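There is one chain below, alone, in structure tokens, taken in the form predicted alone.
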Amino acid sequence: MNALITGGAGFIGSHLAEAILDARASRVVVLDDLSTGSRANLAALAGRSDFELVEGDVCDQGVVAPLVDRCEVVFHLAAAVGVRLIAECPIHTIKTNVNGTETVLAEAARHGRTVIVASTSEVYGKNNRPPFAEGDDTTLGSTQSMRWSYACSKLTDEFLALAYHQQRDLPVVICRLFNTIGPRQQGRYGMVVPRFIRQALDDAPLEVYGTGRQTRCFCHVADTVRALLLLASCPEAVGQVVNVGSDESVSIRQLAECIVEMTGSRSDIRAISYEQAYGRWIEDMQVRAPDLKKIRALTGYEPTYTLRKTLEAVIAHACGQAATAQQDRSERRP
């Protein structure tokens, strides 16, 4: 497999790059503008002859075209993500998600390449009847809430991908990812698990937005990556929309309590409003839970990590980063 990963310096993309190179006689090219991804995520691959990082914009046809020509499969992960980023930079969100996907699909169609498009559970919107199946209707909120611009842009990505499949016979698979977490994920754009863990390790209050009764199904990044690779090699998945995630559900309040217990933190758990958190009103989903029947039937996929095992891995990574940072500070002191 010669693979191109757009957004490959990000959290999920960097794990995917490692998995492809570790498991197969392959070559991986990563395209990333490093706006939210980082070279540090790809440190383990630096210097390898079968790996290349290209710094560039996924919306730039002149950059994308030669990279697609060199690959056999494109994993299109590049996107604006995170509630905080979406709320603060909605123009960037919409343009990056829609224009970037259109650029990738057009070049893949021109060169006859397979595309795995990363979509999101956000497209189910305010649907409150879990588990969500791929054929369920979506229910989005008002255009006055910029929160929904992300879901709408990813729905447009899905429509574009399916249109290219229908009209241009482009082999595409759309993967709706449900709350992927794991080592390297950053909390600065609103991701709840790394934010809670950082607060717990600092013995700072864990800030739960809203009531804390919202429920989520968190999936270890290794399971997400394995699902992407299974779907990329599954001919029956072409032209399909497929949920990817775990079906172990937890409320955000329970998540906070679990992280406090696992870290041995002295932190309190504090409820704050969305206005306090983001400086503006943000409408939240009360439930996200995937129906995994389709991916199980197509590939035999089963999530292998429990939430607790996943949190153990993330906490260990965060502790390691904190220890390294402390050592660096000590070495710089006169």
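Small disclaimer: the values here were computed from a predicted structure and weren't measured. All residue numbers are counted from 1 along the displayed sequence.
The same protein also has a form predicted together with a small molecule, omitted here; what follows describes it.
The partner is absent here, but in the predicted bound form a heavy atom of Met191, alone among Ala109, Met191, Leu160, Cys152, sits within 4.5 Å of the small molecule. Between the options Tyr164, Phe132, Tyr209, Trp148, the residue in contact with the small molecule in the predicted bound form by a heavy atom within 4.5 angstroms is Tyr209. Comparing 225 to 233, 209 to 217, 168 to 176, 92 to 100 against the small molecule in the predicted bound form, the single stretch with non-hydrogen atoms within 4.5 angstroms of it is 209 to 217. For the candidate spot formed by Ile252, Asp284 and Arg288, every residue has a non-hydrogen atom within 4.5 angstroms of the small molecule in the predicted bound form. Using a 4.5 Å cutoff between non-hydrogen atoms, Arg113 does not count as a contact of the small molecule in the predicted bound form.
Using a 4.5 Å cutoff between non-hydrogen atoms, Ala87 does not count as a contact of the small molecule in the predicted bound form. Residue contact check for Tyr124: none of its heavy atoms lie within 4.5 Å of the small molecule in the predicted bound form. The shortest heavy atom separation between Arg184 and the small molecule in the predicted bound form exceeds 4.5 Å.
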